[in-house]
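Same protein, same chain, two forms; see structure 1 and structure 2 below, as structure tokens.
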Structure 1
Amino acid sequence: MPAVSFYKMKKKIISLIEKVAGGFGGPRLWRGRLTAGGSVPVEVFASDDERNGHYSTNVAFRLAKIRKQNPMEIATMLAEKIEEISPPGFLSKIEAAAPGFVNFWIAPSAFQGELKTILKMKGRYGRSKIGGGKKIQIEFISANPTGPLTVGNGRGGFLGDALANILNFCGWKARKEYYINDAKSSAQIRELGKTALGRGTSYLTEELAEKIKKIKLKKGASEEDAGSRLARELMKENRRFIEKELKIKFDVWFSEESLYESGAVRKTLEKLKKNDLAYEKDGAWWFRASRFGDTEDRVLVRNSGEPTYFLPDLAYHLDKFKKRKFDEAIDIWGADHYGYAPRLKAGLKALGVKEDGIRFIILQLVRLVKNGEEVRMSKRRGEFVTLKELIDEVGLDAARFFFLMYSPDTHMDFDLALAKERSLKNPVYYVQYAFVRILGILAKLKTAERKLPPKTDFEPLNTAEDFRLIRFLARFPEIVREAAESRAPAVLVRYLLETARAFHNFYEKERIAGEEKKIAAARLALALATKIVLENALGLLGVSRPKKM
């Protein structure tokens, strides 16, 4: 049986179900689900417990409702029919299980053969073209230039960076973008200008006062110009921190002020007026948001003549879709923007942007916890813990991994003590230590033993630990696709932890050195394949692969 990746294994199982189930009207695969007749979802999923197969399906329950039959009877029929038409060497076992599941076990030869693919493809293993070259813009961090980056900025920063890596790996053209809030007309910039000119204290701190002394403001500078100059200096500092310490490289740093300079903001307002999507009331201009699903109409320009954030945001997103022709835009925002997303979506819909073209990922709050108690105060400012302080405390790898472990729509307790702990209790240490153990295996072998024979025989890999590890390695392409399609790096993090656990079990129970020659070669191949998969997965997440710990 030739090597078949887990993703192709799932597709093959779905194809077999399609051939024998009947009455579906054209099943198709979508994010790991079989959609029948355009309306009936039938899951084919990897089993958590191998005793329930490597894959299972609930198709019998769906068919039972359509055919008015007992699910177990249908499951038994499906298992028998699929076994009859299954290609030789693909399935080792198939059975119906109460109350109506069908469980599938993949043949050992299919698993063993996948090692050849991993060893051949190396850094390309798991890469695909499912994105079809579609252009995706991911905008994240985009912090106000009035202070240092916060812990919340870190959660969004690492998410956006990892997501772009995963999408690019799977065939999309993802571009990372930082939106600089530097519009001279904004109240924030003017207030920053007042602070720079000594006329206000809204953002004044000891650190900011030192920075103001170092910048040279033109004599008679306006509050707008002073604020813009100071914002640029603060932004430079944030950029250095992002690039050098967070290791995040943005493709584009987009200036909000450029939207005013180019006339994009003015043209957007004119377009809304022309299409009767904006009206004047009490000296202000309002967008007819209630026509497009929002709860009420929204202000575009205040009666003072100052635009709200809403108008330049509309202009910015039109630039993404109409000018730069992105197929999809993903905005990663903090929890305080939850109510803003529907408003922006309504505005873009009115301006002709397809609803499925824009996706908002809203981050829930992060709570820093140490020894069971919440950490609230910054050491220096007495207000909040900055992202830099967090990185200095726990390290970049731990910060990245811990943030990426959690789905962004869940509240998160960041355990500072656990993140600093150098033991297998620490999730990132646990994964990295698996990688280091592989390097240790290779270091202990003699030079000749580190080279695989030209035609390595994988049949000796037949223990429970061998199979469990191979099974996890073979799932990597499927997992990366799932993480990309669901826009969820946390899927990949969970997979890494499970794969590391499978390797640690393998390491504790099986040997390479001292084994019979064929077994040693096969196990060496398994260790090298594990190293490749761990390297690829950690690389996509932006987590380092240490040589020693």
Structure 2
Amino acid sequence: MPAVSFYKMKKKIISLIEKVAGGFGGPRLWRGRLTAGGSVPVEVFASDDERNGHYSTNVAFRLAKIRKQNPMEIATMLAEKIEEISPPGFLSKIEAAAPGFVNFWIAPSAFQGELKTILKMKGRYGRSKIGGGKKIQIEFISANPTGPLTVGNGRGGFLGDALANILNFCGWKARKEYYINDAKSSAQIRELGKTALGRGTSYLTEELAEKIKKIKLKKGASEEDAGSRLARELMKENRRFIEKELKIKFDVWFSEESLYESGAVRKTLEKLKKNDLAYEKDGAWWFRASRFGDTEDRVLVRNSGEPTYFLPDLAYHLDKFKKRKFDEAIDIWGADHYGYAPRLKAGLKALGVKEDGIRFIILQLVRLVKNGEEVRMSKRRGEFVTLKELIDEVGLDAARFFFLMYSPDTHMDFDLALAKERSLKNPVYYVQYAFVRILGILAKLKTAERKLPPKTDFEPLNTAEDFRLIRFLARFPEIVREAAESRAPAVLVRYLLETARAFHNFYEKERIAGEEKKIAAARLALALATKIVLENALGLLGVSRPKKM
């Protein structure tokens, strides 16, 4: 039996089902699922225990509906037919189970063969080309240069970074971009300028006051220039923090102001005017957003003559799609910006960008809680409300893992009082510890024993713990694909926790050092394969792999 990846096993099962379930109008495969008779979804799902097979399908229920027949009868028939045509050595068992599932057990040799693949592929294990080289731009954090990064910025930052890794691993060309809101004509820069010149108190904190003292403003500087100068300073600091402390490397730092300098903002407005998509009212220029799905028309240029945020943002997104030819753009935003999405969508639609090109990932806000009471962003000392303070407190890996665990839709409650204590119990250590244990095993072995013999026999790997671990390892390619396709790194985090658990179980039960040669070699192969998968998965999430703990 040649080594096949688990993903191929699943496909193979699907093709077996297709062969025997035909006759109801060309079932086809779509995203790992079978779609038969046009719109009837059929699933083949992997299960974590042996109870109902390694794989199961609900195809009989779907067919029952079409054929008006008892699902259990169909399942029984399918199981029999599939058994007849399945290639030797692939399935160890197949059965129909009430009320109509068909369950598949993969032969041990096929699973053991997967180990060989992992050991051979190493860092490439799980890689694929399903992205087809499509260019995806992911824009995230893009925090206003008016102060330090918040905990919410961190959530978006880790998500964007991990997502880019995963997409690149699966054959997309993902680029990470930070949009710097540094437009001189913006209200926030002017407000910042007023504060810098002592004419206002917007964004003012003790830290900001320090910074204002530090920067040297020319005498008689305009509010615009003062704000711009101060924003640059704050941005410099945030960028240093992102690169050095968050360890996130952006491919592009895109300046909003550059869109003014290049004339892109002006050209975008002209285009809108020319096509009768903008009109003048009350001294301002409005975009006919209501014609394109938004609830009302939106201001592009204020009656003061200065553009709103919307106009340069349109120019920016046009730059993504028209100039730089991205196939898809993902904007990661906090929930507080959600209402802005229809406006941007309407604008892009009007300007001829195809609708499904832009995707918004809306992160629900992180709610900071202390002793059961909500803590509002407070400038008082001692409340770590900035991302820096959080990371200083709990560490980068713990913070990163914590945020990546949860789906963007979750309204997270982050308890400040418990954060430190929680951080020590962070699940990231559970995973990292599994990795460290493997290194511990290797360290215990003599140099010669650390290498696998050329023809390692996997036969001794036959306990329940062995198979369970192998099954998890073999699912890695499938899981990465799922994470990429659904743009959801959290899937990978959960997988990692389960795989680490499977390893800890294996470790508890079986020994390697000092075992008989054949057994030691086989178990070493399993440990090494686990190490590869953990390395690959942690690498994609951007979590470090410590040598010891």
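Numbering for residues begins at 1 and runs along the sequence of structure 1. Source: prediction; values computed, not measured. In this text, rigid core is short for the largest set of C-alphas that superpose within 1.5 Å between two forms.
By the stated condition, namely the form predicted on its own, the first structure is the one that fits.
In this overlay on the rigid core, residue 49 has a C-alpha that sits 2 Å or more away from its partner position between structures 1 and 2. The two forms, fitted on the rigid core, differ between structures 1 and 2 by 2 Å or more at the CA of residue 515.
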